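Before any questions on how it binds or moves, here is one chain, the form predicted on its own, in structure tokens.
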Amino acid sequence: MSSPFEWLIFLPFAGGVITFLLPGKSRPWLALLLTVGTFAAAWWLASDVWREGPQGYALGGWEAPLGINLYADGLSALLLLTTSAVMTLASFYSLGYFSREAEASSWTEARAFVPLWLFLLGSLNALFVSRDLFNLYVALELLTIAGVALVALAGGATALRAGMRYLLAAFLASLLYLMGVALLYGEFGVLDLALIAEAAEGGTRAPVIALAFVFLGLGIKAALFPFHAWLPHAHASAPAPVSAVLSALVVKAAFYVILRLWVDVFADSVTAPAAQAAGALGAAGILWGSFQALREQRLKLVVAHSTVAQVGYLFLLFPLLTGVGEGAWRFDAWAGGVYHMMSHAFAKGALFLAAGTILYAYGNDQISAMRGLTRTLPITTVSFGIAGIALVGLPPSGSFIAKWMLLTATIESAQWWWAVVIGAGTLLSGAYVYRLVSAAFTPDTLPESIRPVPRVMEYASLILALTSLGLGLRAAEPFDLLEVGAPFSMIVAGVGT
């Protein structure tokens, strides 16, 4: 195999099969090795995109519409790097979380965890390089099956109920998406995104009902308000490394598909009222998710509800991109939205891993149990504080740059009402993050028993948190990579420059 596309998909899927057949004790280490290898392949592909522009690959040498084309531009390369980085650090974390010193039930979880973990990674990689509607569907389904099974690994009635709710919501979403794909195939006669875009430019407009089915199904999978009810308990009930990648990456995968279809393929078919409606749902998610996070008493539920709020920011991208008039604010909106998606992935991964560490040590994740955390788990406290800075959007985090660009776009496009929503969401997120951090710094007597925490767990969350901060200090390179490819060039064309 001589292409990074092949390694990105082959390594995790083949590894998932192999680790299923291997003895249990060797599985976590092999999974870690394969995850690191996938990160190397993602870096290889991103380097090619950086130097040579968008990359394509035809499986088996057959071009579309007969074959399957894979494609990577700056957007997909950036998300592949984010995915492999978060998954690699979460894999390190899982070595401690599923250690041999843990009780037998946890080690049993680990034996099923590793193959499903690798299938999840392979599904994410396949989705980010897929170039046709049906392969996107297949990747989304594999992602759902692996995600639901990983949620249920925690065992118990709560996790099983959360997993079943996740499964039912995902199946409904898949049915809607597939119905939309069938209608689009009937209209265009092809499934390849580039060929559909060419047909749409030729005057063939996509059926409104087909787009409604596709975007509604993807909105459910992305936990867009009010279709988010499945998310909080699913993310809060899962094992800590699973919670981290579900919130940091899996919901972003569905949003990536929406963004790709909206900007790349159906830009001329999506109306301004539809964009405003998407923004309104995003705004409602920001406010509702933040309000729910303020009310929760469990740490993981606070972090899970905040995911609903943070997903809402991403949907503000659409009304800003489809605003009336010409101006450079379209690039600010585009880059700010994507950069927020990337920064949030590292911050939310760090928060869920830190929350899992507290649950691992204390046996519960009640906020009241966090008192005195600075004395018992100082590294975890630092991780929580840094990730909280990024979640709120304070300088010098990557989220600060992302929100600043979104705010700039709202003002310059004369859509000031979205700036009010962003400001209110920032204040609310500051309130619930302060609530958590203040509990950690509140003096208290030490708990009677604290389970020793492997250092690898604490340092994995710390590195993720520091990365979310570092994105604010080195933003030039990600923005340069983001400019490579069709979405950016189409946005520039819309600007008129």
Partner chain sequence: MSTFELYAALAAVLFAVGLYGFFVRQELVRKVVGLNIIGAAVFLLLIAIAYRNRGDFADPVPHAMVLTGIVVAVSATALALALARRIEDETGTRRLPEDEESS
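Note that this is a predicted model, so its numbers are computed, not measured. Numbering follows the first chain given and starts at 1.
In what follows, reference is made to the form predicted together with the partner chain, a form of this protein that is not presented.
**Student:** Which among 356-364, 158-166, 76-84, 250-258 is in contact with the partner chain in the model of the complex, heavy atoms within 4.5 angstroms?
**Tutor:** Comparing against the partner chain in the model of the complex, the contact stretch is 158-166.
**Student:** Flag this candidate site as yes only if 225, 240 and 294 all have a heavy atom within 4.5 Å of the partner chain in the model of the complex; otherwise mark no.
**Tutor:** So, no: the whole triplet misses the partner chain.
**Student:** Here the chain is shown alone; which of 262, 71, 213, 92 has a heavy atom within 4.5 Å of the partner chain in the model of the complex?
**Tutor:** Contact check passes for 213.
**Student:** Among 196, 302, 176, 320, which has at least one heavy atom within 4.5 Å of the partner chain in the model of the complex?
**Tutor:** It is 176.
**Student:** According to a 4.5 angstroms non-hydrogen atom cut-off, is residue 148 in contact with the partner chain in the model of the complex?
**Tutor:** So residue 148 counts as contacting the partner chain.
**Student:** May I ask you to check whether residue 186 falls inside a 4.5 Å heavy atom distance of the partner chain in the model of the complex?
**Tutor:** Although the partner chain is absent here, residue 186 would touch it in the model of the complex, with heavy atoms inside 4.5 Å.
**Student:** When the contact criterion is heavy atoms within 4.5 Å, does residue 152 count as touching the partner chain in the model of the complex?
**Tutor:** Residue 152 belongs to the contact set for the partner chain.
**Student:** Does the partner chain come within 4.5 Å of any heavy atom of residue 330 in the model of the complex?
**Tutor:** Heavy-atom contact with the partner chain at 4.5 Å: absent for residue 330.
**Student:** Of 387-404, which residues get within 4.5 Å of the partner chain in the model of the complex if you count heavy atoms?
**Tutor:** Nothing in the stretch sits within 4.5 Å of the partner.
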